[in-house]
Structure formats: structure tokens, C-alpha cells
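Just one chain follows, in the form predicted alone, and it is written as C-alpha cells.
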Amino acid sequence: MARPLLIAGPCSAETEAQVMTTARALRGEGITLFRAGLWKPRTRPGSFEGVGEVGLPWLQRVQHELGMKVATEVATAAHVEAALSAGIDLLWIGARTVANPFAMQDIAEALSGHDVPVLVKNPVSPDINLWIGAMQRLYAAGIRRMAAVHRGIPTYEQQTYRNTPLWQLPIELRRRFPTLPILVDPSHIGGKRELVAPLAQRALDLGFDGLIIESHCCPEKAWSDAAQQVTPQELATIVKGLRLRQGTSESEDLRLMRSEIDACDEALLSTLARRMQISREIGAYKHAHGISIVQQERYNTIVERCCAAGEAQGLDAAFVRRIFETIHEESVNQQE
């Protein structure tokens, strides 16, 4: 495959010095497309929500002094107008905004008549039609240079990743729109800097077109998302370690189907891990209340219900029974 597109920069533009220091370091590592959030939609009030328009001249300095293209997030029509007036090269629309059709329509109307590239992150819910609908609104407004960005799906459960990767989502998007560029945001999927490299490699292995990675000159002092940002030097090491797959004789359809199998396997493992965690919690409760570990009636009910549900979905009942007998055996082990 061709070398993937790489966009890098801090989660947030904090100060002019921080922006310029980070941009210079990234430029020194060969990065030419710089990202920094000026307006930051935050979950909780009182969190740092960005410097806003104050930061636009900082991004203009990056353009003029370093020759880099610059990108920032927009969440309202006013953000779009300010960014376009300042000559920002590329805009992206975040997950919370993509989930709101009214907001997307306002942004689409603000972009009408402008030839600017736009990245569209997946919404906060695993709704591919909502994601597609957001891009269709932009297309109807005349935006032709567009790419999707997969950043995972938030979950309330404690897990390895900040956002569940749910690779099935971008794989299905690629199946429906084979020519649409798809980038991956390993920073938001992982939520931890040590997960950026393996997730970036996974994205390339799945055949996606690029990466958007958060990089800060001093990550531990970042005003937002400190845990998931890497230094420019660490980013360079990550990039050098990435392996690009060479072309093979297998068809694109076969590759996509195999990628979907891989994504399903990852989802199965994640679900099994969660099931065993719950089993351990149940075991602790049983021990505390003097309840026996094995509840045969409950076990029989589970197996029969799952066999029936499996048959309804075209699965062999004996196959389903073997699976759940094994799962039950391990669940008992987890409760002991």
C-alpha cells in the first residue's frame, strides 16, 4: 500500500509557545500536516474547552513560518466561518457533533460554496447510518474532499481501551464506500500513549489510509488528554516502526471479509473477558452470602436458551451447547 497519510499535533492549542514548539519538533521529524484543537467539546462543565479564536493566529504562524498545513476541529457554524476566514487548511468534525443531525446541517450550510477538505469522525454511538448521514449532508453542500476518521466507541465499562475499537464499523463503511478515504485515531481509541503504536499498526494491517495522532511537546503537562499524547520524538519512533503490507494476490473482497473476521474475534474476546469479570463478581457475592457456586437449574436454563437462540440465527445447536459448556466451566473456575 502507499505510505499512509499522517496528521499529528496536540489535542489542544494551549499557548502560542506550546503550539510553535510542538509544530517545530514535528516538522523536524518530517510531519507536514499539523492538528490542534481550538474549540474543545468537553463532557463536563469546567473542563478546558479550548482557547477559541485566540489560537487562529498561532496556526497561521505554523503555516507561514514552518510551511505546514494546519487542521482544527469545528463544532458550530461560527467555528467554520472563523476557521475559513483564517485560512485553516483542513477541518474535522468530532464525534459528539457528528451524532447531532441539526448541528451537522448547520455546519454543512456554513461550508456551502467552500472547497476545503473535511474529516468526519464516527459518532459516539455505533450507528453507521448516522456517520454516513453526516457525510451525506456535507456532500449535499458541495464538499467533495472528505474522509472518515474512526476513533472507536465510548463505553462505560472499564477495559483496555478508552474507546472500544469496534473495527467492524469502519470495515463496513469501506465495504459500502470503497473509494472513501478512512483514517484511524489510535490516540482516542487507546487513551494511553503505550497503546498508540499497536493500534496504529492494526489500522494499517486492516488497510486503512492514514492516522491522526495526538503529539505534544510536553504530554505530561497537557491541559487535555495528557495520558494519550506522545512527544514528537516518540511519534517518530512509532512511525519508523510501522510495517506497511505489500500487495498480495488475494482479492479486495477476500481481504475485507478476513478483516471482518478478525474484528469479530476481537469483539468475542472482549465480551468473554467482560463475562468472566462478572463471574468473578458473582463468585464474591456467593462467598459473602454462603451461596453454592454451581446453580444447576440456572445453568440448564442458560444453555437451553442459548441453543434455541443460536438455532434461530442459523447456528448448530450442538455447536452452541459445546461453546456454552466450556464457558460455564471457566465461569465456575473464576468463581472459586
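Just so it is clear, the structure is predicted and the values come from calculations on it, not from any experiment. A residue's number is simply how far along the shown sequence it sits, counting from 1.
In what follows, reference is made to the form predicted together with phosphoenolpyruvate, a form of this protein that is not presented.
If you check phosphoenolpyruvate in the predicted complex, you find a heavy atom from every one of Glu73, Lys121 and Glu214 within 4.5 Å.
Comment: phosphoenolpyruvate is not present in this chain, but in the predicted complex one of Trp223, Trp92, Trp167, Tyr161 has a heavy atom within 4.5 Å of it, namely Trp92. Residues within 4.5 angstroms of phosphoenolpyruvate in the predicted complex, judged by any non-hydrogen atom, belong to 95-103 and to none of the other stretches in 81-89, 235-243, 259-267, 95-103. Residue contact check for Arg174: none of its heavy atoms lie within 4.5 Å of phosphoenolpyruvate in the predicted complex. The shortest heavy atom separation between Arg137 and phosphoenolpyruvate in the predicted complex exceeds 4.5 Å. Taking the partner from the other structure, phosphoenolpyruvate in the predicted complex has no heavy atom within 4.5 Å of any heavy atom of Arg193. Remark: Cys11 counts among the residues lining phosphoenolpyruvate in the predicted complex, judged by a heavy atom distance of 4.5 Å or less.
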